[in-house]
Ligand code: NAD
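Read the single chain below, which is given as structure tokens and is the form predicted on its own.
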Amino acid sequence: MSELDLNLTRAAAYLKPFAEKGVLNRIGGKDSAGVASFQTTSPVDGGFLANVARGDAAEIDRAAKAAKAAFPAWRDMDARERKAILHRVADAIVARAEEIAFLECLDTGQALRFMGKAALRGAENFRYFADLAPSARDGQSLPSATLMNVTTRVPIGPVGVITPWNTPFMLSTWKIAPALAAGCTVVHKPAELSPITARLLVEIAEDAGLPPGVWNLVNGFGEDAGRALTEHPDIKAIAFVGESRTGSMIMKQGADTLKRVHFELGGKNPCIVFDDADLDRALDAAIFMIYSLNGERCTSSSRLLVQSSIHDDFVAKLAERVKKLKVGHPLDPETEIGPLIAPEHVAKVCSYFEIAQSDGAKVHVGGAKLDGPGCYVQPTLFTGATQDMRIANEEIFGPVLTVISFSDTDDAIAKANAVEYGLTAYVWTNDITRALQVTERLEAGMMWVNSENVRHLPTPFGGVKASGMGRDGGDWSFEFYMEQKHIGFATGRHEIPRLGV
């Protein structure tokens, strides 16, 4: 039996409880079948995975009230106890990492070589924020001439977390772990296209000792469950990962309740390769940052800006590598690119093949949907592109790379900044002065020089322009999930103006 066959057998066993019982909502520590159900199917072959409870405004209301009721006790719990619970969650994630990875592969189409690591990154997120929990409320001493001024922080209250369908397990932990560590309670609405591991995660948390109601899960669609969550008066903040257009809608929906929002949105990120760079490493990084995770991630380097003096040779080597990328079943350990999330998304990605050619670009490699069942698309490389083309400005969100030539530093910066997005940028040069000048002028929230995206959890994660607002990571996460308090203690009998004497 091949390794793929063995993995399929194990995956079927992990899926069986969900296929039989369905993916239920979890509100106040109790299961709920919702008002109806919908199916989640696998992008591998379109096959049935599970029935999913569909929540509506009433389910969201129950979940918000459960989170509100659980908030005082969770807020006031000794932070060391919260830390211990979150560490137990991390331990359980590690123990069930294979189960999480296999289910994620079936539900999203992401390749196993990446999903195994995503589960462990989820555990790392819980451990990191667990360790910060005891110091989350620490403040500052800011003395003045007449006052001892001190600051502290308190959790904002029940929060809503809305997560996307790409790497949903890891992104859920990235948002929920700091909220819990800060002392907030949570209502989580995962993406309807990949709901299974969200249910598994809340089960893991409650088994680890998380009190009922602290973490509530409601599945559903944006127009009912999502909107109800963003409009609910008991929800004090919304953390959202997804499309920029949806982020705009959420901001409008939360306006009446003056809801705090945190958005991690789209990207059209440049990878800029100068002629003095380590070109072999730059090539490896450029390929990894667009074709890993099926190109379905906001930080992918979907625009490759190559200096004209090295353009032709670099593109020739790039094309040969892209042709050799292995597309296959996500549970096959050899697979580098799996199926895209759903037929609708395949249609969107494939529409750009014709758009590219009509705008005058060349489909250098790929450019077609693969025959047979499932949502498989050829890894695609566009060349001969200019920055005014749609393929250079719009987020395609698939295994599709657009190459653009540039002449000098000013030209590279102008082209890199000429999009509505500003999430990440990648710069390859061995000239440190140039690297400093370029990163100073790039319009992006995160930049890496001579590196692919390597996350360091204490650093701020987030974008500018249409790529979002707010930052995750380290203390920046607590700044979102907590409120600042200032207290001034008089240190002497300073003069108080007397009125009405």
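Fair warning: this is a prediction, and the values are worked out from it, not measured in the lab. Note that residue numbering begins at 1 and tracks the sequence as displayed.
Beyond what is shown, the protein has a form predicted together with this ligand; the following relates to that form.
By the criterion of a heavy atom within 4.5 Å, residue 397 is counted among the residues contacting this ligand in the predicted complex. Although the partner is absent here, residue 114 is not a contact residue: none of its heavy atoms lies within 4.5 angstroms of this ligand in the predicted complex. In the predicted complex, at least one heavy atom of residue 221 sits within 4.5 Å of a heavy atom of this ligand. Of the heavy atoms in residue 240, some are within 4.5 Å of this ligand in the predicted complex. A heavy atom within 4.5 Å of this ligand in the predicted complex is found for exactly one of 183, 213, 195, 226: 226.
When this ligand is considered in the predicted complex, only one residue from 392, 101, 162, 425 comes within 4.5 Å through any heavy atom, namely 162. Checking 197 to 205, 362 to 370, 133 to 141, 164 to 172 against this ligand in the predicted complex, the stretch whose residues place heavy atoms within 4.5 Å of it is 164 to 172. Using a 4.5 Å cut-off on any heavy atom, the one residue of 441 to 464 that reaches this ligand in the predicted complex is 461.
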